[in-house]
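Take a look at this single chain in structure tokens; it is the form predicted on its own.
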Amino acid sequence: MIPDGFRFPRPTREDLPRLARLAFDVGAIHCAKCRDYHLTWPYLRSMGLNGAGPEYNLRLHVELLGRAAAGRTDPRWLLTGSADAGVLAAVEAAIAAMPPANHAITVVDRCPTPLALCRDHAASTGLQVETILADLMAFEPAAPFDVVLGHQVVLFFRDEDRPALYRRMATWLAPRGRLCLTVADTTPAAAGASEYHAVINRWRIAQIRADVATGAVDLPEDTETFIGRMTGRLERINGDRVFGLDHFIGQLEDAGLSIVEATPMPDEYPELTITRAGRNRHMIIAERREA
């Protein structure tokens, strides 16, 4: 199901080993329940074991974000939530593919750890980035944004709370501004399906142990402690409830947004014979519906 020697690519400019260690150190100071998430995520990405962050169809992300920001003079970007610096690096790649302009980037998160990683990456690459510590349900920007990006951020909100989030996001948009929301939408076949995650986690555990044994990775703690963090960090907020694409679109439209496009984000790795069993991804691009 997973070929020998397979690893997910690392296409962004991040110094992932350095950022991973920074996440461990900073997370020990600032994180509470989110520490295992912020600690393991960049390590898995640095080892090519993630495949769920910006590694997942980066070229299409770059294309879609470029379309969303096209025609703007000195675009203002808002990144809502960030596991590490990966989403920022994806925006950086999109900006690099666009005509020259002065891009202003703001990252908002309720935890200081990913904000520290974003500042570190920005300092190493020359990006101008503002980081703001705030809960999205209380965040009030000083000025509107041309592009608001939410990369899988809705996974961290209960379904009944998402309409209020979308209404807030709509108020953050400048005239003709675009909301770019990546979502994991499912079909009934995905409900209760765990084979994909079980296989991926067994593969990750084997690769982590192999990398430690060969010295390919230097974990900041005992290997089995790290593996325990990785396997225990995911909390399925919505259980086995099924949310199709139409559900997300309906909530966005009810929040006063018009859908510009909803583009599928297909799997890029044909060598993987295991599938996500009805779990799909789309980037929905929307704009505020004017009265």
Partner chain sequence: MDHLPGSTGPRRNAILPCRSRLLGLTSQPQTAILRAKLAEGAMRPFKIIAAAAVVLAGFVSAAPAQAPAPAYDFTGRTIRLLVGNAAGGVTDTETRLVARHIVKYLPGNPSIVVQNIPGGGGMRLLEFMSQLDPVREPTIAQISSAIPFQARAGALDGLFDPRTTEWIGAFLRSTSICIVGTRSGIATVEDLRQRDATFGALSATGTTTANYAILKRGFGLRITPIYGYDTVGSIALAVARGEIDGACGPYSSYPVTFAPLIESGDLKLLLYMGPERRDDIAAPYAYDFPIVEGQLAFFEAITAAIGFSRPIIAPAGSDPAFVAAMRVAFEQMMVDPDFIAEAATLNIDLRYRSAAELAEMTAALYATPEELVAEIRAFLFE
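None of these values were measured; they are calculated from a predicted model. Residue numbers count along the first chain shown, from 1.
Missing here is the form predicted in complex with the partner chain; even so, the following discussion is about that form.
- Listed residues 167, 119, 72, 197 were compared with the partner chain in the model of the complex; 119 is the one with a heavy atom within 4.5 Å.
- This chain appears without its partner; in the model of the complex, the one residue of 205, 217, 98, 132 with a heavy atom within 4.5 Å of the partner chain is 132.
- Proximity of residue 128 to the partner chain in the model of the complex falls within the 4.5 Å heavy atom cutoff.
- By the criterion of a heavy atom within 4.5 Å, residue 247 is excluded from the residues contacting the partner chain in the model of the complex.
- Mapping the unseen interface onto this chain, residue 22 counts among the residues with a heavy atom inside 4.5 Å of the partner chain in the model of the complex.
- The closest non-hydrogen atom of residue 255 lies beyond 4.5 Å of the partner chain in the model of the complex.
- The candidate stretches are 155-163, 217-225, 111-119, 169-177, and the one lying within 4.5 Å of the partner chain in the model of the complex by heavy atoms is 111-119.
- With contact defined as any non-hydrogen atom lying within 4.5 angstroms of the partner chain in the model of the complex, the contacting residues in 27-55 are 29, 30, given in sequence order.
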